[in-house]
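Consider the single chain below, provided in structure tokens and representing the form predicted alone.
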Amino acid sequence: MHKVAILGAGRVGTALARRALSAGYEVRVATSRPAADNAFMLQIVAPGAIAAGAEEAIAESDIIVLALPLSKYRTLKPELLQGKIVVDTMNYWAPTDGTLAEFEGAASSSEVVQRFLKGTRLVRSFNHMGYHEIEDAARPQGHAERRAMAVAGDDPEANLVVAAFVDRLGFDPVLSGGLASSRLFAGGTPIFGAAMTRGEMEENLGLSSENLV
């Protein structure tokens, strides 16, 4: 799989676009604005990325990355994402998003998003690292300073695809379990914002070695 669509062109979205381009992926970026309005901006912040409408970007890509504010998730069209492997990078921040009742319960934010995006193969990752670190902290396989990246999802095959994507972008993927386990690396947890190796993340998640990729 070598085609990636990124929905959202904020700091996280453009950082992921640049990393994916560096890793050899074909990258399309879509926002709520017309593609023509994004083309010039992408030439500056993510040279090589293709400006596209959401429908085109989704249809033409193997992996879809949600890099928009979580408060905007209901602007997505579930029918376009049916059967697609979708990476949820979004975090719930009540001070900036406002209090959203659906995210105030016990379920992880990704479980709430999955309920809305029925039929989507949703995987949670890239949410616990700062946007600048997505580029600055990337390292090749085997590097002593290579950091770990948690991956959670209910579709085992989709988890492996996203794990391979994480690996190619420069991080050691760690499978934490189903979407419910993404609460273990949400905001306010020891993993969120921390620089951890694979072994350190395994220990913090309470995983055995067979959970690691």
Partner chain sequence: MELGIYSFGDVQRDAATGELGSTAQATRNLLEAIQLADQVGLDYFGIGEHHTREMPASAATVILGAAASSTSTIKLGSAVTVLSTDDPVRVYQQFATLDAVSNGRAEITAGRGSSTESFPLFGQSLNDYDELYAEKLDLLLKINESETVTWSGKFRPALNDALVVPRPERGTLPIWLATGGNPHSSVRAGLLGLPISYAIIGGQAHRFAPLADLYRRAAEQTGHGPEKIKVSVASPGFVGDDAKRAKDFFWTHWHAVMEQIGRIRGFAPPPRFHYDTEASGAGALFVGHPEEIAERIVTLHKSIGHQRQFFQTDVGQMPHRDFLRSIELLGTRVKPLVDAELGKRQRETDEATAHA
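Residue numbers count along the first chain shown, from 1. In this text, all values refer to a predicted model and were calculated from it rather than measured experimentally.
Just so it is clear, the following notes concern the form predicted in complex with its partner chain, a form of the same protein that is not shown.
Listed stretches are 175-183, 30-38, 160-168, 57-65; the contact stretch with its partner chain in the model of the complex is 30-38, by a heavy atom cutoff of 4.5 Å. When its partner chain is considered in the model of the complex, residue 9 lines it closely, a heavy atom lying within 4.5 Å. Its partner chain in the model of the complex is not approached by residue 197, whose heavy atoms all lie more than 4.5 angstroms from it. Its partner chain is not shown here, and in the model of the complex it never comes within 4.5 Å of any heavy atom of residue 204. Put simply, residue 72 is close to its partner chain in the model of the complex: some heavy atom of it is within 4.5 Å. Using a 4.5 angstroms heavy atom cutoff to its partner chain in the model of the complex, none of 26, 80 and 116 count as contacting.
The partner is not shown here, but in the model of the complex the stretch 181-199 reaches within 4.5 angstroms of its partner chain through a heavy atom at 187, 188, 189, 190, 192, 193, 194.
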